[in-house]
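Starting off, we have a lone chain in the form predicted alone, written out as structure tokens.
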Amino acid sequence: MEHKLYIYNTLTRKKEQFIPLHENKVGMYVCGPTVYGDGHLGHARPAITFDILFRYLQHLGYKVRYVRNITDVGHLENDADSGEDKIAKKARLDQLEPMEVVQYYVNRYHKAMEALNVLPPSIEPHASGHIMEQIEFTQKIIDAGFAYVSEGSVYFDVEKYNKSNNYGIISGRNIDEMLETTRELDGQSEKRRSVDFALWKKASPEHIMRWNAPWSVGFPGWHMECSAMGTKYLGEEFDIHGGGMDLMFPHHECEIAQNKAGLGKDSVKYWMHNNMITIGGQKMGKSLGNFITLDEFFTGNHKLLSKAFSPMTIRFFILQAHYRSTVDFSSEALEASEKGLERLMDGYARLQKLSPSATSSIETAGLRAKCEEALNDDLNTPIAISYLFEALKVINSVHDGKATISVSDLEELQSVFKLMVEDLLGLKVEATATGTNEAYKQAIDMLLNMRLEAKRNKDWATSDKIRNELTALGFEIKDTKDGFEWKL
């Protein structure tokens, strides 16, 4: 299949033409949420980033198997190897079954993703549903000589692995320096080196989530779930693995090592990472206490927010920056995005109402090619959006009677906007930044049609009353040659 899609491969640190392992099929694995708290804006970014990639690969004609996991066991408080399981801790504190906690947060996550118009993945496996696969994968690594059992837990031997491989290949960490600084810790832990990471942890007596394994009653390490589930559903070698940049180390570094040690090969061809969303230059995250949940964005119930912002405003805000760039949040930036989205969607709605002429007096060709060229360049959504805004000038010129557009050119322009705005960028027409729904629109249209009827009957008192009262409520009304336009 011929195409010109280039993506930045974090592993090689350069843009590469995307050539899938199988001609018409693409396997894509993305690290999904760790289910122990409400999602924030930083969690929305990878979901939206890889939703764009999922949509675009399908547009190119590929059959995509998109796997996005749910981490519901094994992610501990401090790092992958220490502290209490976060799900188990909340279950204990709230006197719930762990899977009650999981289901609650998964439901909230799905609701937020639906609001953001993020397409569901092909498969959404849970770590707790793949314990046997993780045990089997751990045994493969032990058999290959790259893991050891210590007091019922199993640890990956990073120093031994690094002698024949490169631990640090994706994150750029210097493993020799890491090993050198940890030698003094020998004998103080069940691990040989503090840099070694857990493949399986023996459960303490109070630990709720536990399973039987050859080494102990325990639970898998955090990194193991992605190795086991990714290769189970996509094969030992697959095309794309994605996630947030904060997962490069240790999570993805450990996953690369696990796959190479257990399977004897590199499993992933292209690694992709989205950058962070920051507040005042600091990463947005629960540990820093500076995060804003998606529900707080949707309701405006947070001290850093000037108002509520719709899910489509959040999506547009994220898409206005390239996925590999850092985005610094502010309420003012969201307000600017809200206005930009409103302008785009107003223009899109206006496009649907244009009347064609016999010929075009303006140039409309090339928009489709330019937008696809932008997305082919490592999903450059801000550039694609800029081309759509340029096209709004054409739409407004025709709408204002300053230019004409032929039937074929109008149909092409409408087709491109439908493809880009709805199908690829995923911006829902029925959920604009003003939050109006169809019934609400119809009610306002009805009032303005009554005003038109009053004007035709020269009932100026009624006409002025409808206009003045709507204006007082915050509506902007514009009379046009075809009737009227309005917005809030």
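We number the residues from 1 along the sequence you see. Since we're looking at a predicted model, the values are computed, not measured.
Beyond what is shown, the protein has a form predicted together with the RNA; the following relates to that form.
Visitor: Where does the RNA sit in the model of the complex: which of 270 to 278, 205 to 213, 133 to 141, 156 to 164, heavy atoms within 4.5 Å?
Guide: Of the stretches listed, the one contacting the partner is 270 to 278.
Visitor: Taking the RNA as it sits in the model of the complex, is Gly145 in contact with it (heavy atom to heavy atom, 4.5 Å or less)?
Guide: No - in the model of the complex, heavy atoms of Gly145 and the RNA never come within 4.5 Å of each other.
Visitor: So, in the model of the complex, is Gly32 in contact with the RNA at a 4.5 angstroms heavy atom limit?
Guide: Answer yes; at least one heavy atom of Gly32 falls within 4.5 Å of the RNA in the model of the complex.
Visitor: Does Lys353 make contact with the RNA in the model of the complex, using a 4.5 Å heavy atom cut-off?
Guide: Contact with the RNA, no.
Visitor: Does any heavy atom of Gly27 come within 4.5 Å of a heavy atom of the RNA in the model of the complex?
Guide: Contact check for Gly27: no, nothing within 4.5 Å of the RNA in the model of the complex.
Visitor: Which one, Asp94, Asp266, Glu100, Asp328, lies within 4.5 Å of the RNA in the model of the complex by heavy atoms?
Guide: Contact with the RNA in the model of the complex is made by Asp328 alone.
Visitor: Of Ala321, Ala349, Ala115, Leu119, which one comes within 4.5 Å of the RNA in the model of the complex, counting heavy atoms only?
Guide: Contact with the RNA in the model of the complex is made by Ala321 alone.
Visitor: Does anything in 235 to 253 come within 4.5 Å of the RNA in the model of the complex by heavy atoms, and if so which residues, in order?
Guide: Contacts from 235 to 253: Gly243, Gly244, Asp246, Leu247, Phe249, Pro250.
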